[in-house]
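A single chain, nothing else alongside it, follows as structure tokens in the form predicted on its own.
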Amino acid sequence: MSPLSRHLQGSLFDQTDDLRLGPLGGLRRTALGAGAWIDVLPGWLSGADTLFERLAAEVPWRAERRKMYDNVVAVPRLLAFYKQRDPLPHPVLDEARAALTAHYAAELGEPFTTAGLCFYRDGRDSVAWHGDRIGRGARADTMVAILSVGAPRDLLLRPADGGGGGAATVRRPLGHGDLIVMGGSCQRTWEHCVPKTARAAGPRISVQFRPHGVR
């Protein structure tokens, strides 16, 4: 077992090594306001803990450093990115991308192409408030679909204007094969984050599927 994944505690509801995607008909949509929405499907991937172990051990994770003000700091998570024609690190991720492309074809009008992976090793790893606004997400409606494996971590969403429109922060705990899709104007009009937590938190990997030109 990879030293990165040794602290994962498996889900009591996902005691199978058989990796299998469920139907997407169970997605439930929540309108956030300002043209933004999220679709959520708990436990879309059965055997998700098995996939977590494979990804933790086999993906070529990289640690990045970024300039923040006058300092260069470590990015508090590990990263990997697969471009449109790169082979994905497990066949079930190809299946997931194809299923999402087919399900959202009428709304999205184009395929999901890239896959970005984030490894949150414990509660100290996080991602700050942001929208995926590099490229077309800054000016056009789009979708970002996130499959989470490993221990649940909270994904928070809030209006990009700081709540001036009266909308409250939305919290969704995601892990063990859960799926969330952020669509419509979500990347422009809302922000999302995975905050640090002082509570005991096991490792989690998120897989973000995006259309071409959206980061």
Ligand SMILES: O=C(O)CCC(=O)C(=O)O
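One rule holds for the numbers: they count along the sequence shown, beginning at 1. Fair warning: this is a prediction, and the values are worked out from it, not measured in the lab.
This next part talks about the form predicted together with the named molecule, which is not shown.
When the named molecule is considered in the predicted bound form, Leu19 lies well away from it, no heavy atom lying within 4.5 Å. Contact annotation: Arg77 falls within 4.5 Å of the named molecule in the predicted bound form, judged by heavy atom distances. The shortest heavy atom separation between Tyr120 and the named molecule in the predicted bound form is within 4.5 Å.
The shortest heavy atom separation between Val194 and the named molecule in the predicted bound form is within 4.5 Å. Just one of Ala115, Val92, Val127, Ala99 comes within 4.5 Å of the named molecule in the predicted bound form, counting any heavy atom, and that one is Val127. With the partner removed from view, the residue among Leu41, Ala160, Ile38, Leu155 that has a non-hydrogen atom within 4.5 Å of the named molecule in the predicted bound form turns out to be Leu155. Shown alone, this chain has one stretch from 25-33, 186-194, 56-64, 42-50 that lies within 4.5 Å of the named molecule in the predicted bound form by heavy atoms: 186-194. Taking the named molecule as positioned in the predicted bound form, the residues of 189-215 that bring a heavy atom within 4.5 Å of it are, in sequence order, His192, Val194, Arg204, Ser206, Gln208, Arg210.
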